[in-house]
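Coming up are structure 1 and structure 2: the same protein chain in two forms, each one given alone as structure tokens.
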Structure 1
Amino acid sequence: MKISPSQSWRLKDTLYVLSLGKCKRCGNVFYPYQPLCSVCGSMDIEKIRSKGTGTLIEYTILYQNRDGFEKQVPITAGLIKLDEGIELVAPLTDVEITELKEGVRVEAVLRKVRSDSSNGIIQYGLKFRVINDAGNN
């Protein structure tokens, strides 16, 4: 599987930053950012950056993956509620299965997503890890 440097560059705001949209008319906050509010239809949208922290609601472990990602199984993915109130599904990293439970605090970190063996390009993206001092809030 080839990684396109130009495509990675075009997706940098999606791959490396959690950009949320906030409607200036109704106050709806949503992810991913889009120039149209799904609640009121306004196009007066402010792009805001998420703090990247949240709470793990649920998680699952995947033992199958699509072509090009076979070496990454098993994959742990979680349903995360960001502090801004948005829920999203994202891969978890740097975790032991035993430390995963509902309600633990997580934070977004930049991690390797895949590499292209033909040209040596490594693609990075956001994953979530458990915050070690979870439960001390």
Structure 2
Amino acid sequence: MKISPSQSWRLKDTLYVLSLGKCKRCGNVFYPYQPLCSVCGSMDIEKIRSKGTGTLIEYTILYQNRDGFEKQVPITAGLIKLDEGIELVAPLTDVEITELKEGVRVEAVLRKVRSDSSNGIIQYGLKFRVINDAGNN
């Protein structure tokens, strides 16, 4: 068993939605959510949900295999700045390479990530696509 059901479920705040933490003391906004501010140490943290939209800063195309992701190669990945100000590296999906430019708008969409051949578990997760048909997930 490569995919643990309990681990996948535990990661619901990062794999299925982008749950952010907002520190009520210092204002730090961070991802993934956790009940402790890594800047000021406050435990007064509000869990907020990212709008899931942001701007592409940079991208690359990965051609090398990783165990469990063979069918997805090549993988396009981008450095994205969410509208809440957080930068993260994430896979891109449904993209035409010609439309990938610095500054293009992107949004998070739920996609199948991988499946476990031995027990049939399918793991889903958030990837990003260029916004040109927003609202049609």
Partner chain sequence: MVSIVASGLIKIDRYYEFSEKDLVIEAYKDLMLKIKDVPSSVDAMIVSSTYSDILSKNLMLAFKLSNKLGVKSPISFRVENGDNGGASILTAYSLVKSGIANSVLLVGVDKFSDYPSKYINDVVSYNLDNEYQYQLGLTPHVYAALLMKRYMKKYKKEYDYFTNWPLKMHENAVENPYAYLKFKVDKKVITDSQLISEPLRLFDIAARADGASVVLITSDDMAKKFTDTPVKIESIFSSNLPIDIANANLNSIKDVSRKAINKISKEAIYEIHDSYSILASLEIESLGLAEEGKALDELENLKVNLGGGLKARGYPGSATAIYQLAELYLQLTGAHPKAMSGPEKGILLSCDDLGNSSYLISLSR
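Heads up, when I say rigid core I mean the largest set of C-alphas that superpose within 1.5 Å between the two forms. Quick caveat: nothing in here was measured; it's all calculated off a predicted structure. Counting starts at 1 with the first residue of structure 1 and goes up one by one along its sequence.
With each form of the chain shown alone, which structure should be assigned as the form predicted on its own? Number 1 is right.
Any CA movement of 2 Å or more for residue 10 between structures 1 and 2, core superposed? Shift at residue 10: 2 Å or more after core fit.
With both forms fit on the core, has residue 121 moved 2 Å or more by CA between structures 1 and 2? The answer is yes, as the C-alpha of residue 121 shifts between structures 1 and 2 by 2 Å or more after core alignment.
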